[in-house]
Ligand SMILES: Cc1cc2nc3c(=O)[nH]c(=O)nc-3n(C[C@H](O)[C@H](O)[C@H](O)COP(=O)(O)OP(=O)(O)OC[C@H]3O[C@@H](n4cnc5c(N)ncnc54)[C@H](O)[C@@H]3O)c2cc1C
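Read the single chain below, which is given as structure tokens and is the form predicted alone.
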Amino acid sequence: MREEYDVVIIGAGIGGLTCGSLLAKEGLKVLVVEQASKPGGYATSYKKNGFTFDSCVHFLGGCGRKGIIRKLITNLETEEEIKFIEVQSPMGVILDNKKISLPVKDPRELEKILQRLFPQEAPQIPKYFQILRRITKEILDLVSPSFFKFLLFPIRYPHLIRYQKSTLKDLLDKYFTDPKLKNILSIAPTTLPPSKISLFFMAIVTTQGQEGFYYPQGGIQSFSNTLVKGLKKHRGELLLDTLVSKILVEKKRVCGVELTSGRRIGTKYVVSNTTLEQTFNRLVGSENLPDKYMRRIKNQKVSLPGFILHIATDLDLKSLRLSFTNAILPSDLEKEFAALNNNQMPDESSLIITIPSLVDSTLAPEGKHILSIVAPAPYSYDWQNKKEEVAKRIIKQAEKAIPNLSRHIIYQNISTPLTLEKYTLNTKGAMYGLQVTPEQFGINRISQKTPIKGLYLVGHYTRPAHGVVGVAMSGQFAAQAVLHSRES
């Protein structure tokens, strides 16, 4: 390890690894420092009794031929290091004990199925999806800004102007009355109800989901490891089991970092892939930042944490005709959110059940399967005494999709919000960084650039959003910012 680097990146999550590997490819001397024993952050895996489980991330988007993730690993010259398996099965949904199969990759077929299920809403369903497609088209067009586009902004981006402050609920209420249909259309990787979710975020999730979902063979860890290979291929360095204790600042400019061992490493650029709270309160110190900026940081709302069950079973899950991803929805998402914000576990939770062994048989011994069950959860809860009780309740709810699951569990591991916080340092175990409300999505989210020269942010607490694709984009944005700063 050198005494000085061009860039030091704090945290080997997907955002940090993306940024670091891209800068290393440009010839910069890069060091990534990670407090955990393995790289990836939430995108890690672990092995137990012959089974491979994914810690938090359970599938990937952006891996198609023109997808962001595919382009990233091609750019890093590591495409031969990983194999992406495309998930062919539709999404399974259970609402009020009724099983529904949704072909999310086929928008026209999806519309037809929803029209058959909800005939009274049939005329409005295509109109709803058309609005989502138009919003997404305008957002993607704006990713590459130009003077001409801004000059004609009101004409070129009418939907961005009209819906910039809208939630998902605003559009759902405009087109539909059936609460069951609204629940189905609210399925998204967030811990928010429709009244809080940014409509722009939902538009992108819905339309980009049509590009397909993928699973990296061998587990999610293989994707993180591929980014590490890209980093090292271009002579970047990774330091595990090491915690940064301070970002060194002189005259409002980064000059290095200090490790908990007391060792100091000089650098002109630091990229933080940790939380806002840790970056500014613990590592930098609020005295080095403008009061206005710190007030904004303090007012950011983080997502709820999650309760995650990893289960190995001897049930023949293939014979049950389950999907790779299955959602079990409560009757009232707003009521569930209210309970969670009151530090209670609701009677019915929003469950996402993922079964990776259906697409990658190497994850489990022959004749057995693995699955994960994820539910939003409160942070302030008596997890030490009640986690087993909550696990039993959630497994019972999951039996709507997987009958007799509780009698066929051969291994089980419980991750509470405290677990997520301990291993990843995410604020209160937040699953998705900042909430994706209209006030905290896209350009309204905290920027990669900070008031301290040379200090940048990546990850799901900064632009554009959470999720693997979102944080990979944040890494790209930060890398571009660093390169631009060096040239200017």
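The structure displayed is predicted, hence computed values, not measured ones. Sequential numbering from 1, following the sequence displayed.
The next section is about a form of this same protein that is not shown, the form predicted together with the ligand.
Peer 1: Would residue 471 count as a contact of the ligand in the model of the complex, using a 4.5 angstroms cut-off between non-hydrogen atoms?
Peer 2: Taking the distances in the model of the complex, the answer for residue 471 is yes, it comes within 4.5 Å of the ligand.
Peer 1: Does the 4.5 Å heavy atom contact test between residue 24 and the ligand in the model of the complex come out positive?
Peer 2: Because no heavy atom of residue 24 falls inside 4.5 Å of the ligand in the model of the complex, the answer is no.
Peer 1: Tell me, yes or no, whether residue 410 is in contact with the ligand in the model of the complex, where a contact means a heavy atom of each within 4.5 Å.
Peer 2: No, residue 410 sits far enough from the ligand in the model of the complex that none of its heavy atoms falls within 4.5 Å.
Peer 1: So, in the model of the complex, is residue 426 in contact with the ligand at a 4.5 angstroms heavy atom limit?
Peer 2: Yes, residue 426 is a contact residue.
Peer 1: For the chain seen here without its partner, which of 28-36, 449-457, 436-444, 45-53 has a heavy atom within 4.5 Å of the ligand in the model of the complex?
Peer 2: It is 28-36 that comes within 4.5 Å of the partner.
Peer 1: Considering the ligand in the model of the complex, which of 115, 281, 89, 242 comes within 4.5 Å of it through any heavy atom?
Peer 2: Looking at 115, 281, 89, 242 one by one, just 242 meets the 4.5 Å heavy-atom criterion.
Peer 1: At a 4.5 angstroms cut-off on non-hydrogen atoms, which residues of 262-282 are near the ligand in the model of the complex? List them in order.
Peer 2: Contacting residues: 273, 274, 278.
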